[in-house]
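Okay, here we've got a single chain as structure tokens, the form predicted alone, with questions on binding and movement later.
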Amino acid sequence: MIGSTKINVIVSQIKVLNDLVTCFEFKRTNGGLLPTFSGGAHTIVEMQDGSVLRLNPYSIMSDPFDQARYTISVRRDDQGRGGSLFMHTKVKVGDEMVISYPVNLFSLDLRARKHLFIAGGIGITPFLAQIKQLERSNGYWELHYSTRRPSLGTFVDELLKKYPHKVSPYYDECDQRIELTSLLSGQPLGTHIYICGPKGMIDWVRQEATDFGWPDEAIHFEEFLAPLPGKPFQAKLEISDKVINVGELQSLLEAVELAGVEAPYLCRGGACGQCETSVIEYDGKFIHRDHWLTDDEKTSGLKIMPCVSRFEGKKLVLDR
């Protein structure tokens, strides 16, 4: 199973980039080469936090052609479920960890004549690898990068130094905004747009591009959703003949795994569709948060994405 194929690594370097973001470098524990990947790929990092095993996806931002190391950046989320805090407060240089083989759900469409990147905050990370990939092939690209303030503009100085005519930074606190209307209307035929950042930014750019008549196949976006807490609930796994309890701070997928039942995944963020599970019977309501299921599938009550979605009610029976 692609998403659960594991690599043993050692934390070879940690670098604090700003008040919220820290960069982690991994090398293979046995000193061997890491698998190649393409720009936009992510890896899932396993974190053994006491009795809790956390698995979080992070974009690989290093050079896709450098098999000696992978680097990721983690934004600290004090209100999250604990994965980012674990990385920021408990991981040290020399620690041995486990990561997944790279998976790419946000790859470049190499048929595009130009690649237009729009990043918000930590959403810059997949573009760093994509830019390295395009620079090797003389690809045509430009980047528009928005953050709250200059101190959080991770990699801005580095990008401007290397690519002064291709990178445009924007800072909310300086009242700077991406002029999306003129940006979208001024692109050459064959341009593809890529968006990564907060949900509001992604929705805004996607809607504007659609309104301008951009075809769906030319609009690419990535947003890994973190499972939100909710009311505890119980589920019956029909095939496994098990009843599981899903805690307030636990995802349904995590509860399934904790019960020893195998469930496929590639992203754990509601984007890839691998963990899609059929619902056999239910009495209650679903809280769908994924990007995968269609609106009709969500209202049908026949499917759930256990990585990010929840349930409230008396009875839930799953085809697992």
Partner chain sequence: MVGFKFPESIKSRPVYGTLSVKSGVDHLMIADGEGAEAIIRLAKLNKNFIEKSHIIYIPKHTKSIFVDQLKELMPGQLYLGPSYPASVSRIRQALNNAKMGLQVYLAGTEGLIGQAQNECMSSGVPHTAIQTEHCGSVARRMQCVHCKGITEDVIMDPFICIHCGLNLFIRDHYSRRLAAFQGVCIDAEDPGNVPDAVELYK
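Numbering follows the first chain given and starts at 1. Predicted, not measured: the structure shown is a model, and the values here were computed from it.
The same protein also exists as the form predicted together with the partner chain; that form is not shown, yet it is the one meant from here on.
Proximity to the partner chain in the model of the complex, taken as a non-hydrogen atom within 4.5 angstroms, holds for one residue of T210, T89, S151, Q176, which is T210. Contact annotation: of the candidates G186, G94, P232, G200, the single residue with a non-hydrogen atom within 4.5 angstroms of the partner chain in the model of the complex is G186. At the 4.5 Å threshold, heavy atoms of K242 stay clear of the partner chain in the model of the complex, well away from it. P215 belongs to the set of residues with a heavy atom inside 4.5 Å of the partner chain in the model of the complex. Taking the partner from elsewhere, R136 is found to have every heavy atom lying beyond 4.5 Å of the partner chain in the model of the complex.
Taking non-hydrogen atoms only, S168 never approaches the partner chain to within 4.5 angstroms in the model of the complex. From the list 160-168, 79-87, 137-145, 188-196, the contact stretch for the partner chain in the model of the complex under a 4.5 Å heavy atom rule is 188-196. The single residue of 97-119 lying near the partner chain in the model of the complex is R113, the criterion being any heavy atom within 4.5 Å.
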